[in-house]
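A single chain, nothing else alongside it, follows as structure tokens in the form predicted on its own.
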Amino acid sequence: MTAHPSIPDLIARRKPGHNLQADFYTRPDIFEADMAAIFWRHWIYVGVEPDVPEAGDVFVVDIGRASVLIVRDDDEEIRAFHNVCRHRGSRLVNEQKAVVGNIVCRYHAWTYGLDGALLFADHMGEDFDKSCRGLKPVHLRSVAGLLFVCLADDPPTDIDAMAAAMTPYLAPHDLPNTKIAKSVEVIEHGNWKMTMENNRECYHCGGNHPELNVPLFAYGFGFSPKTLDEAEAAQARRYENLVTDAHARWEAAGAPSREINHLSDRVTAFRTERLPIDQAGESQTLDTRVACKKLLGRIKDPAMGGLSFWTQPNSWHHFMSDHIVTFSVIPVAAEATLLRTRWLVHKDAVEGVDYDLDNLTRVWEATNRQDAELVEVAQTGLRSPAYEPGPYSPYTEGMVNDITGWYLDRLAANLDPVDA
């Protein structure tokens, strides 16, 4: 049997500007290396502050073999802990969402406070010291209401720079004072990198996303200037002028909008930009008007476009005047990926009065279904012996090149000796 190439050999073979070799998407050993080098060492987007809106609320996130409890304490602080009892290792909370007074292990009733301290452990003897048996903490950061965790002992410190840059962009939407209108989980039958790469380009949008193409401008995600006819070139120029004018108007209203791009040059990598929405210009809906009558935060103008925020390795987000859509990608296996989508509206908005749930979610529910099919088709093709990495479009797949380059750099930097 022919031995698989080593991961360093595969990294060295990668042709710049081209897709990755099939091994990166199919081999279980590379999946395990991805979990260890990427998902257990970097800041991972997992949820939003409204996942735990009240004291005693608990939200469970599984990241590979690791399980994390996110809890809101009585002092309103949000904390994260490993979902593992300090006695004999039992999983503490099995449900994804729970409401508790204390965290009680069902196995032997060891009891923890919401601050992680061990409160009660019967039959352990006089010399037992509860103070050193509290839950193991997990690093957690809220960036304007978006929750990131890091499982590493020493997490990347440049999340401070991302938070400083992004908070002014996100703050007008006041995510902490929203509520989750709907949450949907989809298992995509492809590698997590395929899910992320598919998100990072709209080359495929024209023929595959009829609903999303209503609010999105085709020229907002790249095009080849030399292939445009005179009318198309005029439309592209009109769009560029629209972006310039809209950025000036939005920023004058206190909503930072211009592009910040650090998708490939930082450990905690990100990109953001507020872009116009087509037609009525208000929201990512089929009529391009707001889906919720109660606008978010301090926003007064419904036509505030769509603020997009991308993070490596696992999220993207769309912030509009009336609602927010967030996406979290969590690897499940070498060829299976969880995509968790949440729609958020003003905390005081009433379903059926201020918003219609189907109208709110229709565009992205359809888009998610379509993308899941595309990821599965692409993953199937990767298994073919005829597959070889193809070149990226320099006009429409720049962000795909960014995530694959970032991934290879971070994988190489964090490989364990056994993987190398």
Partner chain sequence: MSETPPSAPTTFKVQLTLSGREIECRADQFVLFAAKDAGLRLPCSCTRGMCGTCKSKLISGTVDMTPDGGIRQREIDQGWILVCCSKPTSDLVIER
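Quantities reported herein were computed from a predicted structural model and do not represent experimental measurements. Residue numbers count along the first chain shown, from 1.
Omitted here: the form predicted in complex with its partner chain. The next part is about that form.
J.: Since exactly one of Val350, Val99, Val184, Ala333 fits, which has a heavy atom within 4.5 Å of its partner chain in the model of the complex?
T.: By the 4.5 Å heavy-atom cutoff, the listed residue in contact is Val99.
J.: Quick one: from Leu114, Met320, Ala291, Met194, grab the residue that has a heavy atom within 4.5 Å of its partner chain in the model of the complex.
T.: Looking at Leu114, Met320, Ala291, Met194 one by one, just Leu114 meets the 4.5 Å heavy-atom criterion.
J.: Taking heavy atoms and a 4.5 Å cut-off, does Asp287 contact its partner chain in the model of the complex?
T.: Looking in the model of the complex, residue contacts with its partner chain do not include Asp287, since no heavy atom lies within 4.5 Å.
J.: Contact with its partner chain in the model of the complex for Glu54, defined as at least one heavy atom pair within 4.5 Å: yes or no?
T.: Yes, Glu54 is a contact residue.
J.: Could you confirm whether Asp153 comes within 4.5 Å of its partner chain in the model of the complex, counting heavy atoms only?
T.: Contact check for Asp153: no, nothing within 4.5 Å of its partner chain in the model of the complex.
J.: Decide whether Asp122 counts as a contact residue for its partner chain in the model of the complex under a heavy atom distance cut-off of 4.5 Å.
T.: Heavy-atom contact with its partner chain at 4.5 Å: present for Asp122.
J.: Of 174-182, 106-114, 196-204, 238-246, which is the one stretch near its partner chain in the model of the complex, taking non-hydrogen atoms within 4.5 angstroms as near?
T.: Among the listed stretches, the partner-contacting one is 106-114.
J.: If you apply a 4.5 angstroms heavy atom cut-off, which residues in 66-86 are near its partner chain in the model of the complex?
T.: Counting only heavy atoms within 4.5 Å of its partner chain in the model of the complex, the single contacting residue of 66-86 is Asp74.
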